[in-house]
Structures are given as structure tokens and as C-alpha cells.
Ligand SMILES: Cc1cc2nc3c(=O)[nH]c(=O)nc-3n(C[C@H](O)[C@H](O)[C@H](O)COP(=O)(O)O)c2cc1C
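Coming up is one lone chain in C-alpha cells, specifically the form predicted alone.
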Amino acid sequence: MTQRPPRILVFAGSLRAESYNKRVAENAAEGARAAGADVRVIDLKEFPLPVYDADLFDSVAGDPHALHDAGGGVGGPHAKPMPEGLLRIKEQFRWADGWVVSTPMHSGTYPAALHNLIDWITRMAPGERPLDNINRKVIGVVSCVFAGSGTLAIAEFKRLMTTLGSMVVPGSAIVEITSHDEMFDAEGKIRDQDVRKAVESTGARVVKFVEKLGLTGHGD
């Protein structure tokens, strides 16, 4: 059987239509493609999620502690329908071997929308095991921020993901915000060659880590 290419999911932690971080994420995706990956770039705004609330989610069917206590290991049937956006975005995370995330910094950390996403995808759909969409995923993080900031958002997001069992690649590129035309050319590529290389390298490193760890499996 032939080994398939690594599957890398790329997205920004911002919902804004003209987000700088969405442009940076697309540059990171180019690095992953050049390294031989099958890449999907998604926009979180296309997968609307409510603020996580256990009243909107069947917390009994999706509670890993209760399942473990009962000797089970997979999510059971849900009495309440799961948010439609969640079911669609879970398919994206289930497909991926690794992610590249470009995050802005909000109030000294990563955005609420990004944390809300993690809150939701850690909740089990029927048939899922605890943290199925998080464990053994390789993650690269970059950030587009105003000068002098960004490291806190990256550090906090990396801490969260390693706590949940993901493997975060070392190194993170930071892109400083000036004006859109100064930062990106007509094709959306980062004008500063060194910065572009650092961002693309993050995508490439995720691919290489997935390959070294043997996470791609075989076939489709």
C-alpha cells in the first residue's frame, strides 16, 4: 500500500473578513504544500458556532469522565442535536494529521473565537473517543500582530494544545502589522522575504513532523 501525503488543516483564529491573519495563514499553507502536503485552508466564519454552553450540548452523551466510569470509550448517541457548524468543522479536524494556526492577540492572549472552537471540538460526537480531534495532531502556530506583541498569544495557545495532547512544533513566526499594501503583494504573499520564509517554514515543519512521527497512515 502507498502512503498518502500528510493532511494539513490551515486556518486563522480571527473571524474578520479582511483579517491579516487569514492572509498569513494562506502563506503558511504554501509552505505546507511545497513540503508535499495535502492542504485545506478553512475560514472559521464559515462554520458558525455558538458560545459553548452545556445546555446546547448533550453533556451526558459527550462526557468522557462518565463514559470512562461506565467502562466505555466512545461518544454515545445524543438526545440533543449538535450544532450544524460543529458537525461540519469536526469533519475537517478529523481529516487532518496536523494544523497550522495563525492567531491574532486579543487582550494579551489568543481570541475568544479560537478558544470557543477548541471547547467545541473537544466535545465528543457519537462514535468519537476522548480528544479524537486533538490527540496526536501536529500543530504549528504563527501570529500577525502589532509591533511588540504576539508572543503571549502564541505561548498561551501552545500551552493549551500541549495540555490537551497535541504535539506543537518548535519555533513560531511573528508578522508585524503595518498596512495591508505594505505587508502583502497583489497575490496576498508577504512582501518581506525573510518573514514569508519564516511563515512558510512553519507550515513545512508541521508536514515534516507528521511524516517523522508516522501519522499519515495508508491509502485514503
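Residue numbers here begin at 1 and follow the sequence given. A quick note: this is a predicted structure, and the numbers were derived from the prediction, not measured.
Although it is not shown, the form predicted together with the ligand is what the next lines describe.
At a distance threshold of 4.5 angstroms between non-hydrogen atoms, R16 is in contact with the ligand in the predicted bound form. Of the heavy atoms in Y20, some are within 4.5 Å of the ligand in the predicted bound form.
Within this chain, A155 is remote from the site of the ligand in the predicted bound form, having no heavy atom within 4.5 Å. Residue contact with the ligand in the predicted bound form: R136 places no heavy atom within 4.5 Å of it.
For the candidate set A54, L164, A34, I177, a heavy atom within 4.5 Å of the ligand in the predicted bound form is found for exactly one residue, namely I177.
The single contact residue among M105, A96, I89, V141, judged by any heavy atom lying within 4.5 Å of the ligand in the predicted bound form, is M105. For the stretch 146-182, the set of residues having any non-hydrogen atom within 4.5 angstroms of the ligand in the predicted bound form comprises F146, S149, I177, in sequence order.
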